[in-house]
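Single chain ahead, written as structure tokens, the form predicted alone.
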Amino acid sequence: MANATSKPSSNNKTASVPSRILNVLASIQLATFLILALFVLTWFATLEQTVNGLKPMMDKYFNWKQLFFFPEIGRPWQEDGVLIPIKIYFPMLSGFWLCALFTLNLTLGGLIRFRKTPQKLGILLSHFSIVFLMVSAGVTQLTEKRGALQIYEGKVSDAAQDYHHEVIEVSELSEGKVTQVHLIDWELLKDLRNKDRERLFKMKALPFDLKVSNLIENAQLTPEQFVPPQKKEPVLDGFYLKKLPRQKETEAHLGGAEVTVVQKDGSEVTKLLVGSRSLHPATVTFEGKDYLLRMRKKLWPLPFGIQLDEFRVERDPGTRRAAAFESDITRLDDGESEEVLIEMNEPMRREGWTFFQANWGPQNQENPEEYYSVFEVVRNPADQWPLYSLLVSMVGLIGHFVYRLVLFLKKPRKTVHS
């Protein structure tokens, strides 16, 4: 009897490398790991937020430019009224890339490879809503801008002040008036916060260059005569940059730096101290022309103007505490105007911009002659995407519930005989 040779079936063939990778990326095991990793990351992020504040925590935990980071928590003692962070040498994956991988996992396993039948439409919609929500979070992380807009009654403004980014501004003067302004952007300055870092900026439109050093994130220009330096800070013209305690609300930080005016041949002319808390800019004269140098929060233009018509505040009876406050504004856009009411929890949305009623002043006067209103300005193209995602998810879940209910009601019942 001859021996029969059997050929392996196609089902037993070893899967290709791309197929294996696809199976791993779409697997429920990877989804479980990512959910657990995001849970741990959220726990550490909550602990670190109590030490470093919300903005630094978000920049660190959801930074798309890095793959790993080391979390920090607070020690049980404080220095200058601020908790001291202690680094934990346990590398964690960036939350941005964890969410990106989770989005890919949901797309492959929950949408592309999911069995598509009319009965599964509700589940498919729910999966799609989660993917859409994750995409909106990524768009927000990469594109969102937040700032503040302060306006007095009767005034108009068309520029918002960034919460965190600062610039060094050089203004040319002619007959005592500013004729042209040159800026050094925060993206070119922010890494100078590290100790002993400096950078020479070639100012092509100016007859001199600027060298920036000793950049401090939160500083006060302080007179040596009244408050002597305690840490051997360099003193220029009787002033020095005093480092202030780090705040959790980093939008309250106002920086300072040492700026050296350098001739084009590389020789130094003079050194100046600039700071966002300084009331007056530094002045330098070069080749018979005057220039103003100062550090300030970065401004970004709005696509329309805002005029504050009237501000109103209601106080709790018998106290000076505000119970509610609101602003009547006029939006000015290319010759057109629109009156809008902005109040607490009722923002104005227009062209991807959102204006929240955030603060007001002056608050230390009972009946001031003139109020000002402070709006938080948010630029976020994905502002309403979470709402759309929630609506899609709601439709999917309700549809799936109704479908299962109909099947249950149509199911024949067994007759029980006594």
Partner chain sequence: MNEKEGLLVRFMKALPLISVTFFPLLGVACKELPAEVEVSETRPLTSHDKDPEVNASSAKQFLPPDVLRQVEESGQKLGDDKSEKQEGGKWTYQLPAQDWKDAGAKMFRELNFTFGEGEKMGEAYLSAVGGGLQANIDRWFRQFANEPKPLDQLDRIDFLGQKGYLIEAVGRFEPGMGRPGKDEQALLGAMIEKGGRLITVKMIGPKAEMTNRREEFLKFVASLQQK
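Positions refer to the first chain, counted from 1. Values in this document were obtained by computation on a predicted structure and should not be read as measured data. Under this definition, the rigid core comprises the largest set of C-alpha atoms superposing within 1.5 Å between the forms.
Beyond what is shown, the protein has a form predicted in complex with the partner chain; the following relates to that form.
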### Task
Flag E326 as yes or no: does it have a non-hydrogen atom within 4.5 angstroms of any non-hydrogen atom of the partner chain in the predicted bound form?
no
### Query
Do R315 and the partner chain come within 4.5 Å of each other in the predicted bound form, heavy atoms counted?
no
### Task
Please run the contact check for F90 against the partner chain in the predicted bound form: heavy atoms, 4.5 angstroms, yes or no?
no
### Task
Although the partner chain is absent from this view, report whether F132 comes within 4.5 Å of it in the predicted bound form, heavy atoms only.
no
#### Entry: Option from 123-131, 336-344, 307-315, 166-174 whose residues, in the predicted bound form, bring a heavy atom within 4.5 Å of the partner chain
166-174
### Query
Taking Q180, L188 and L299 together, does each of them reach the partner chain in the predicted bound form with some heavy atom inside 4.5 Å?
yes
### Query
Among the candidate residues Q119, S157, T260, Q247, which is the single one with a non-hydrogen atom no more than 4.5 Å from the partner chain in the predicted bound form?
S157
### Task
Only one of M348, C99, L108, I216 comes within 4.5 Å of the partner chain in the predicted bound form by heavy atoms, so just point that one out.
L108
### Summary
Those residues of 254-284 with a non-hydrogen atom no more than 4.5 Å from the partner chain in the predicted bound form are Q263, V269, L273, S278, L279, H280, P281, A282, T283
### F128 C-alpha shift between the shown form and the other one of 2 Å or more, rigid core reference
no
### Query
After fitting the rigid core, is the C-alpha of K264 off by 2 Å or more between the shown form and the other one?
yes
### Task
Kindly check if the Cα atom of T250 is displaced 2 angstroms or more between the shown form and the other one relative to the superposed rigid core.
no
